[in-house]
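Next comes just one chain, in structure tokens: the form predicted alone.
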């Protein structure tokens, strides 16, 4: 079996599962957050229940609406807080202790290898970075899981991406992710599939890169993305994992619907053009294009490692006077570590604005939303019309390295040609 099939078999009490089979599985953790959280608990009450299956394994996060940008959102947050308090939830990450839910789930050890964790936000696929099955669900399924500790799945077909070669300077996991977007296209082929990543180039990736790669599998329509745990995983989870876990991997003779080989040596900085995630080009095709807003953050690229690479590029330099750059750390933990290491000071001295950890402009709600005519160079995850605000704005997606280098010149710039 593949790693995903093994996990689904193990947690449904079976020796073996096959793609297409329906399984009723045990869930390790359930996450819900501010803008859908109250609805989720309302659905729980409609089941005739007032308590959750495990107060320590229902994780509640404030991320989309903090700090509240409008009175309506402030009221929604207050109602959300009352609901969480009423259910005596153990782990509540509210303003001051908050972060983007998927970052929180992994960095705080709520996701463990070989288990299943679900959440009421589409980028729950991120959890595959530590070798878990991570999946997004709606509020009704979340309520059932909160009540029972279980959820049903149709076992997905698995597709493997075997990544070889050597990472080139300034090339990041985001570039590989966008490269695969352009390679596969949004053609329905990967809908409800498991995307499994392995190979020597994956073994070299730190946890931040693995989170980026698994995060964006949902944007290809995949059910989940996953990377088998290894020594990188063990070191990352040491001191943070909330529970015991064991190594798990696909069998050598596991069946895959398809296997794709990618030589990362040939992958350079990559950009998705406005409005379509799979309209991807190598950076050489767009060098020199002007933009006026730069945005780095989100559950895709708001981690310490992302801030570090930007600080290296921006050290001693100034962001172009025509560019407004907003950087949003993915969590308070990330914010504090980047502060201690001096990355935030470097970024502020270069002319960037640093904001409180939240989903921010990625959700088009607040903190740097795009207006009519804005051209945004973003290290986020989506670029469809209206994603970050106005439908009359344009969004280019790329890596934090490209955003940082480009912000200095005020035009899209290849970081490999940049003087650092």
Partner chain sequence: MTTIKGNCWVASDYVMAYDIIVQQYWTSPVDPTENSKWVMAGVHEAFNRENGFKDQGYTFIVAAHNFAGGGKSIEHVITGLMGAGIQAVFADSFARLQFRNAINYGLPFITCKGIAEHCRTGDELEWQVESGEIHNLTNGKVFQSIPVAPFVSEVAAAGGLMPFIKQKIADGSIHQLS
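If you're wondering where the values come from, they're calculated on a predicted model, not measured in any experiment. Numbering follows the first chain given and starts at 1.
Keep in mind that the form predicted in complex with the partner chain is not shown, yet the notes after this line are about it.
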{"property": "Segment assignment from 91-99, 175-183, 233-241, 140-148: heavy atom within 4.5 Å of the partner chain in the predicted complex", "result": "140-148"}
{"property": "Contact label in the predicted complex: residue 258 to the partner chain, heavy atom within 4.5 Å", "result": "no"}
{"property": "4.5 Å heavy atom contact, residue 346 and the partner chain in the predicted complex", "result": "no"}
{"property": "Partner contact for residue 22 in the predicted complex: the partner chain, 4.5 angstroms, heavy atom", "result": "yes"}
{"property": "4.5 angstroms heavy atom contact with the partner chain in the predicted complex for residue 222", "result": "yes"}
{"property": "In the predicted complex, the residue from 323, 136, 254, 248 that sits within 4.5 Å of the partner chain by heavy atoms", "result": "136"}
{"property": "Of 191, 336, 74, 281, the one that lies within 4.5 Å of the partner chain in the predicted complex (heavy atoms)", "result": "191"}
{"property": "Non-hydrogen atom within 4.5 angstroms of the partner chain in the predicted complex for each of 166, 266 and 396", "result": "no"}
{"property": "Residues within 4.5 Å of the partner chain in the predicted complex, restricted to 348-368 and counted by heavy atom", "result": "363, 364, 365"}
